[in-house]
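Shown next as structure tokens: one chain only, the form predicted alone.
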Amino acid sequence: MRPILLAFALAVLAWLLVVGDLVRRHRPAWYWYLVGYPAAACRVVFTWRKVAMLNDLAVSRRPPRGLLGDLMVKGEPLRPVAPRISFPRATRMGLSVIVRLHAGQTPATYMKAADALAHAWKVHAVRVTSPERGLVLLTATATDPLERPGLATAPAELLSALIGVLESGGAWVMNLRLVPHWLITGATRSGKSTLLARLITQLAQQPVALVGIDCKGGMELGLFSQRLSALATCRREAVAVLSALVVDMQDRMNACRSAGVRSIWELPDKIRPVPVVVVVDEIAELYLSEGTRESKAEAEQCSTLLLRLAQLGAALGVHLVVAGQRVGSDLGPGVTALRAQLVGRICHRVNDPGTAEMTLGDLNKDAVAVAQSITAEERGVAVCTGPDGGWSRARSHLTSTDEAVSTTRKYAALTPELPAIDRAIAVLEGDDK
């Protein structure tokens, strides 16, 4: 009888292991809630006091000074007390814990201990935030959701593009209505061009005018020319296109003023001008000059025109998406002024710390450190900002060149005409002749 029971128990155990492995591979969220979360929650509860003491998160309620006879003795206080924590709350592929800080503690101490917490709890990473004074929120992720990002879903909205997936597992969406202007940086083969291709293919399906500025002869954005209302392939053409957009923007101002509204979105649908998204690939090519007077004048014009579009374009339906391998103050003061207007930020792997600092430094120093830790193998991974002012790691969906080109060809009929730009290009071509 006993051998039969033993064999039956082994068979049940083997069946559970097989089923568990299938669930872990095909339904990772189910596996996390059934197996991963209970085990991780136990580790958090039973290791918290020890981890807090080892990482200077525990403090003593006794003073560090005491009297020994007539002598004042100073030393390390004994019996440290770990901060109180809430019971771990399950999240999708992770958990969160709220810590009530001791008097005098700051979240910076917990940020330094984030790696130690991740190792002790056997999770991928621990993010430290402070939702309010006196509290710290520890958010742990069991695995890296960006290693194999799935295709997330997001509601289809005008000027909204589903780019990829966030480290939380949610959809990474660039909504130009909420965040009108964006700065995207990244070294060669970091995923910057893939992200731009994804953005263009998403916007190509909408009633939006796309304008490309690619001063590398149109090598990148020229692939999508059938869906672009205009494409500038050199700085001289860029000046003409940007000048025409400023003229068009002034016409939009007049229309809003005549209708007594403050933005084109308050105009009736019949008279509302089409939204325009200007995609600039390699911003440095617009700002660097060869030293000649004409070259310097063109660079200054580009700087001034881009800044005007960024300052006034949000309410008028003109949006900027500026990308570059390197963005720094050495390109001129105009770059810093433009950066201040580009509220949305995306930073891939970069070759120099200055570009990461220029992209994210004025928003969050922690985001700069995380961006600099992106490796060459993590193509498409970036640190991005959100509408709420926070930041997150994210990864764009891989959009092949063939897929992007076929999509833009498919929706080429949606390409709207921009008369002001057409006239500017015609004048430019006439001058060349």
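When you see a residue number, it is the position in the sequence shown, counting from 1. As the structure is a computational prediction, the values presented were derived from the model and not from experiment.
What comes next is about the form predicted together with a small molecule, which does not appear here.
- When contacts are judged by a 4.5 Å heavy atom cut-off, N175 does not count as touching the small molecule in the predicted complex.
- In the predicted complex, the small molecule lies within 4.5 Å of some heavy atom of H397.
- The small molecule is not drawn, but in the predicted complex it has no heavy atom within 4.5 Å of P180.
- The small molecule in the predicted complex is approached by S193, whose closest heavy atom lies within 4.5 angstroms of it.
- Of the candidate stretches 222-230, 257-265, 352-360, 183-191, only 183-191 contains residues with a heavy atom within 4.5 Å of the small molecule in the predicted complex.
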